[in-house]
Each structure stands twice: as C-alpha cells, then as structure tokens.
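In structure tokens, one chain follows: the form predicted on its own.
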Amino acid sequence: MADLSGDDVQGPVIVVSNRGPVSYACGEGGRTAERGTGGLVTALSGLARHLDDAVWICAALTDEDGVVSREHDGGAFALDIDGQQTGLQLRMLELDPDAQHKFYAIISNPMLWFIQHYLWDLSKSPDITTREIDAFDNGYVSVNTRFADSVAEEVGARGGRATVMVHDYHFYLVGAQVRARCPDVLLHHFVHIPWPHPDAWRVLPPSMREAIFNGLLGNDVVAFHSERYARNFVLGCQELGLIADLESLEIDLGDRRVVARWYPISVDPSQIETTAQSGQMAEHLKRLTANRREHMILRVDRADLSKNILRGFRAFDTLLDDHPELAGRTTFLALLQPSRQDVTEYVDYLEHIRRLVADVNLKHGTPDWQPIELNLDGGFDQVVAAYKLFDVLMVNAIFDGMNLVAKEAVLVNENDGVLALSENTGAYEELGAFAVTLHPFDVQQQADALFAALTMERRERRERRLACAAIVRENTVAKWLHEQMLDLRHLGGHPPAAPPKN
C-alpha cells in the first residue's frame, strides 16, 4: 500500500465504527486477537502508523471483547496484535444487550439496510409499529448517544480539537450530537452503502427520517462511494427545505456549510497479490483445477438479499436452457458466506438459495456433473484461489455501495477472466467500461451477458482484465483515504498536501 504522510491530517484522529480493527476470543490456548479485514481497516491502520494520536471507538461484539473492555475500565488502550504495536488506541464499548439488539437487529438491519438497498416489498412490509418506534428511540438513538458521549470524552481529553471520522449506517446521529458538544472538531461521516433517492426514505415516519438527515448534517463532510449517492443525499436535503446546491453538492445551513463528496474505496493490491502467491494456495488450486470443467463462472458474496444471488442462478439456468452445448462443460462455483442469521429475512433467503441450487442441479445435472457448486464454509484462501481460475466473475448486485470482490478478483486472475458487473454497483463507475454489463433485474439479459463473456475472444478478455487491474492499482485504498484527508485539511484551513506516490 502507498504510504500516507503524517501531514495528510492535522491533530488527533478519532475513528468510529460498529466493528473494530480486531476481535477477541478466548479458547483453550488463551486469548486470541483476530485482525479485521477489508479496505476500511487496512486504510485506517495504515494511516495510524503516521499519527501520534489516533483512537478507534467500536462496539464490544464478543464476550471476550467485553472482558478486554472491562480490563481497561471501558477506556482506550494501546492496540497490539501478535505482540506488535499497531499505532492505534482502541476503545471498545460494552452496550446494554437490549439496546444493542434494538439498534442492530431491528433498526440498522434490516430497516436501514433494506431502505438503502431498495429491498422492501412495500406492498407487504415493513410495518412501522410501536416495536420499531421503541427500537429507534431506545436502541438506535441510545447507542448513537453512547458513542457520541465517548467521542466527546476523547475530544475533551485532547483539548477540544480533533478530526472525527464516523463510518456507516449504524451511526447517522453521532455527528450532530458531537458537534453540539465539541464545536471545534472536524466531523466526517462515510456511508459505505448506497444512498437511495429521497422517496425511499418515506418508508420511515418524519421523526425518524428527519433525525437521520439532521444527524448527518452535523458533519462537515458526508461521503459516499459514488457521485450518484452523494447527489441523492443532497436531493434529500432539498426536500427538507434546506438550501442545497446540486452542482457543488453543498448544503447551506446559514452559519456553516456541509459538503457531500464521493471517494470510491478500493483494496490494497500488494496485500491481495501477496496472498495469491502464498504457499497456502496450492491445495485449493489443485482441488479447484481438478473439479473444474472447460468454463468456470464464479461468484463470491455474503448471502445477502442485496447481492441478487437468486436471479444470478436463474440466469445461469436460462443460459443452460438457451445453450445446451454448454451442459457438462460449464460449472458455476458459488462461494457464499451466511450473513445475519439472527434476522428472519436472511435465514429465509439462505434456504431459498439452497432450494434453487438443488432445482437447477436436478434439472440440468448428470451423475458426474453438477452445474452449480455451492460452498458455504470456505475461507479467504479458497476465495483467492478461485479468483485466479475463473473465466467469468458474476457480480449482479441489486445495489451495492462499492463491491470490493470485483476489484480483488481482477488483480489476481490468471485466466483472462471477464468481469460481469451490475450497473448498480459503486464499482461500475470505475470498471464498467471494461466489464460486461449486467442489468440486475433482467434475467434474460444476464444469461446473454454470461454467454457473451464465456465466448469472448481471448485477446479481448485479456485487454479488459488488464484495463480493470490497472484502474484498481491506480486507485488504491491509500489514495481513497488520502483524498479524504486533503478535503479535511482544506476545510480546516490547511493547504493541501502533495499526493502520495503509489
């Protein structure tokens, strides 16, 4: 990853997210600390190496997280993993279990997640009842207040000035609460999932949706992965009667302004490429190579409704109907991670996936060939091995804030694989010109696109993949964070720093 300069940001940095950079567990061998994964943890951990004062506030999500928090009286402590200092202070908040359930399992997921991914079937759901009202007031509001209180304490300990970076849909109310108590901070909120058009928010009663918008307007910058999402946010502010400029993407609040920006998150190319070359790949590559047929279609996803997994399998079913010559020659490898199994909709969705796979395999399969290979328990090493081998990677999400699978896969594929990418992903703004476009609700179009990708000439496949990989290497996770730091420095009255060398 490109280095980030300590000059990129002035003063202390306070990061807020639901999940933190590490998760603790206790087993027979004692306490273990598992590193967090993903672009956010990678980027912020890299920044922390260059800062004298950075603290990350997150929820204590495991029993052992709670033990660690109590050992430090609920305060911040120096974070080390495997005996190595990370440069971060970590503060893990133990939450009241009832409030945490209401905050996470009723409001954040599924209520906000479904709104922002357009997943509700509005003819049937959701119903806003006293249960949801109570969960918002005594779950979402109370947990946001708890986090805001902790941020204010950390800011106060640093003389009242800091850069506060809040992440995702769990904490829409934190910005306004912190600003009320700490007027000299720079507040930045990054929304990692789609921001829908204003009408989508009318699912919520006015008191809820206005609280969400007003909470975000407590920040100096509200950031998204794509220009479309930033524009949708500004349109929503206009509907609240605020003065909002759709060209500059700024909201005028009278005594100050809020800017909406977009910064496409990415991956650390060196990290994923190192993993792809590790010795642990050999066994996975051997198995996958032995099991594959002439063509391999791959998908790697959480089993989330937004990922559009059912339509993807129906498109493959249609492909086999339309092109029987592919039978026995093409396998669809689906590496899925079960998600949010404490939420009824996700339990039902995973069962629907299993049933559809069984139906497709029964319809098209033979004694020695199953069209869809469904794997629900593979690790990241297996994922990277599959990245290296696919002919077509299918990413047909209904809506997705970014989709880092698309970026990881094109970096390490060794088979001139084609990216088949939904136009409704954030990644499409960067990679769409070199991908085969998928229209996520059009099953026939997706089937036709898969056929086009499978039968594309080798030279074109190679050119498309190399172009995608070059874009990912240019727009690294370090660049993603650096551009945010530049804007924050500008807002804080500091001259921009020189861009990092990638």
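A quick note: this is a predicted structure, and the numbers were derived from the prediction, not measured. Heads up: residue numbers just count along the shown sequence, starting at 1.
Although it is not shown, the form predicted in complex with a further copy of the same chain is what the next lines describe.
When a further copy of the same chain is considered in the predicted complex, only one residue from Arg35, His439, Arg70, Arg458 comes within 4.5 Å through any heavy atom, namely His439.
A single residue from the set Trp113, Tyr263, Trp120, Tyr346 has any heavy atom within 4.5 angstroms of a further copy of the same chain in the predicted complex; that residue is Trp120.
Note on the interface: of 177-185, 334-342, 391-399, 373-381, the segment with non-hydrogen atoms within 4.5 angstroms of a further copy of the same chain in the predicted complex is 391-399.
Within 4.5 Å of some heavy atom of a further copy of the same chain in the predicted complex lies at least one heavy atom of Glu239. Mapping the unseen interface onto this chain, Gln100 falls outside it, with no heavy atom inside 4.5 Å of a further copy of the same chain in the predicted complex. Contact annotation: Leu362 falls outside 4.5 Å of a further copy of the same chain in the predicted complex, judged by heavy atom distances.
Using a 4.5 Å cutoff between non-hydrogen atoms, Val443 counts as a contact of a further copy of the same chain in the predicted complex. Against a further copy of the same chain in the predicted complex, the set Gln85, Gln277 and His284 makes no contact: no member has a heavy atom within 4.5 Å. In the predicted complex, His197, Asp199 are the residues of 161-199 with at least one heavy atom within 4.5 Å of a further copy of the same chain, listed from first to last.
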